[in-house]
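This document opens with one chain alone, in structure tokens, the form predicted on its own.
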Amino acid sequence: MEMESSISLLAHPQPYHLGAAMSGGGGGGGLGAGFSYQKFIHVALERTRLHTALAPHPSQEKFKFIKPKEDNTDMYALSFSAPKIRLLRSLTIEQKNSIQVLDFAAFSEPEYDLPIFCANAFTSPARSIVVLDLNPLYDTTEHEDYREKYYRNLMPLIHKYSELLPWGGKITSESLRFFSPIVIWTILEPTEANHKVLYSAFMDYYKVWLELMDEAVQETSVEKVDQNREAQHKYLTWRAEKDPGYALLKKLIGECAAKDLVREFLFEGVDSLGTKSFLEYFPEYAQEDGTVNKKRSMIGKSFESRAWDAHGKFIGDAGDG
């Protein structure tokens, strides 16, 4: 089953960010009484503060106390900035005896071309859908120098987890376009053991991102900074338009609040880092009347297995779109 189909089936936005270790429930599925993605966020923020000074982001005040319409559901939103970090934000959704969602991301200032840390997880009693990655700011199939700079030495990460967190099945090049050679895309039974592996992977990947941030040198070329800003804006524009989580957010907090949450919190910067529209970046989605084609999984071939070799080079596979 394709990632988009899986997520739609579970009424969940784009694979939402990763979950904390479970303290109960064991094997055989089920969320477990102690399951929560809050631990991921708590530990990640603690580790971030060992590397840099965090300050509340302006978006935090507006969104930190989101009240869903359903009494059995809690939503928690946090956002920060730091000297090299434009936005570090998290959103969790906890629905009693039903679903757990995590969306955690880190975006650098445009003066740095750092990958975008992205951890999305959605857990129901039946399965956990996960995407964990250092999303490349520049397409690694077109920009070999960027792949060499950031991913060549990180391939041991995916080698470590590729068997523990196996490829989740068919995915289209539409979704693949912003993934890196070390992406973890997986669908798992929500057991305690599996979520401990996810927790380990999340922490390993985030540790690497923090180390890359520490090492990052500020770009002095105005042209290069502008390119970084546009690349990040392109990513935000794609995510704000195509994020399949919008349907769930709309259900929980209403259409107006969901739109604000997507554009002013989850993908904050889409209205300020650049002026290009979605169709200016992605003209292949234009319909005859000039509107955006909302259909998902419409562009490019599909991939049944990992599309990169052991060295991070894109190789694709025999799947058809």
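Since the structure is predicted, the reported quantities are computational estimates derived from the model, not experimental observations. Numbers follow the displayed sequence, beginning with 1.
What follows is about the form predicted together with a small molecule, which we do not show.
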query: Non-hydrogen atom contact residue 115 with the small molecule in the predicted complex at 4.5 angstroms; finding: no
query: Partner proximity in the predicted complex: residue 206 to the small molecule, non-hydrogen atom cutoff 4.5 Å; finding: no
query: Heavy atom of residue 190 within 4.5 Å of the small molecule in the predicted complex; finding: no
query: Contact flag, residue 244 vs the small molecule in the predicted complex, heavy atom cut 4.5 Å; finding: yes
query: Contact stretch among 139-147, 196-204, 177-185, 209-217 - heavy atom within 4.5 Å of the small molecule in the predicted complex; finding: 177-185
query: All of 129, 239 and 248 within 4.5 Å of the small molecule in the predicted complex, heavy atom check; finding: yes
query: In the predicted complex, the residue from 108, 172, 228, 81 that sits within 4.5 Å of the small molecule by heavy atoms; finding: 172
query: Contacting member of 98, 162, 73, 135, with respect to the small molecule in the predicted complex [4.5 Å, heavy atom]; finding: 135
